[in-house]
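The data below hold one chain only, encoded as structure tokens and taken in the form predicted alone.
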């Protein structure tokens, strides 16, 4: 069992920022990446609202810069996934991954959130065969084809705009009569000739034979249903916290987000949380970075006080 001062679970903006601060404090933090290095940001096509990049950047580029900076100061990144934790007898706390078990004097949880599913017939069946939750990953495969984006928030519109690089047409299906996305994104979407909107509607079924061929849509105001031909369905309707690993270990709210105090400490002293695992409100790169910074500062102080 490897002994560590601090283990950071997750490698998104919150986790990599926490790693940077802990590394600069000469604590040689260990970052366990999770299933996706960089978290959700690694599949975000364009990042235009993070300070310091006046021309914008991409999610993968920003992740690489954050990772390199943390490692420069001594952070260690392990490409692995945590499978079990035991916070009941610590510190030290037990953190088990696929390949190793660690004992840590403090832990920062930054495992983020995952995309919600529609829960309609055909969704699971056609994942990878026309159904996607990542335009950056799969947009290239829909060159000169027609696609549907489900959702009306920032993520849906950002990814819809990105898909216009490849697709002939992007139809945005949204359950309301106006978008929830920010004003700048709204303007870009509304003026993009490749984007059309299907308002007040929900997807009832994804139809196909071996691959996606159409969706069945119901209008919430009239009840009318129609079948819309499409080659792909990209779903961006929200997220849920990746907190199942901590059930029975850490306190959560009714939606599964970890609860923290004003120092970002969870219900277990010595275990901190930052980013979307505890933030259902802001959910921005900038706020996750700030929370990662705060959690690291508080964890470093806690370690000093309990050394």
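Residue numbers count along the first chain shown, from 1. All figures in this text were calculated on a predicted structure; none of them were measured in a lab.
Unshown form predicted in complex with a small molecule; subsequent notes refer to it.
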Exercise for the section: Would you please decide whether residue 175 lies within 4.5 angstroms of the small molecule in the predicted bound form, comparing each non-hydrogen atom pair? Expected result: yes
Problem - Partner proximity in the predicted bound form: residue 153 to the small molecule, non-hydrogen atom cutoff 4.5 Å - result: yes
Practice task
Answer for residue 161 alone: is it within 4.5 Å of the small molecule in the predicted bound form, judged on heavy atom distances?
Solution key: no
Exercise for the section: Tell me, yes or no, whether residue 35 is in contact with the small molecule in the predicted bound form, where a contact means a heavy atom of each within 4.5 Å. Expected result: no
Exercise for the section: Using heavy atoms and a 4.5 Å cut-off, decide whether 45, 134 and 209 all contact the small molecule in the predicted bound form. Expected result: no
Practice task
Only one of 94, 77, 198, 237 comes within 4.5 Å of the small molecule in the predicted bound form by heavy atoms, so just point that one out.
Solution key: 237
Exercise for the section: Go through 216, 129, 180, 145 and name the one with a heavy atom inside 4.5 Å of the small molecule in the predicted bound form. Expected result: 180
Exercise for the section: Counting only non-hydrogen atoms, choose the one of 279-287, 21-29, 7-15, 294-302 that falls within 4.5 Å of the small molecule in the predicted bound form. Expected result: 279-287
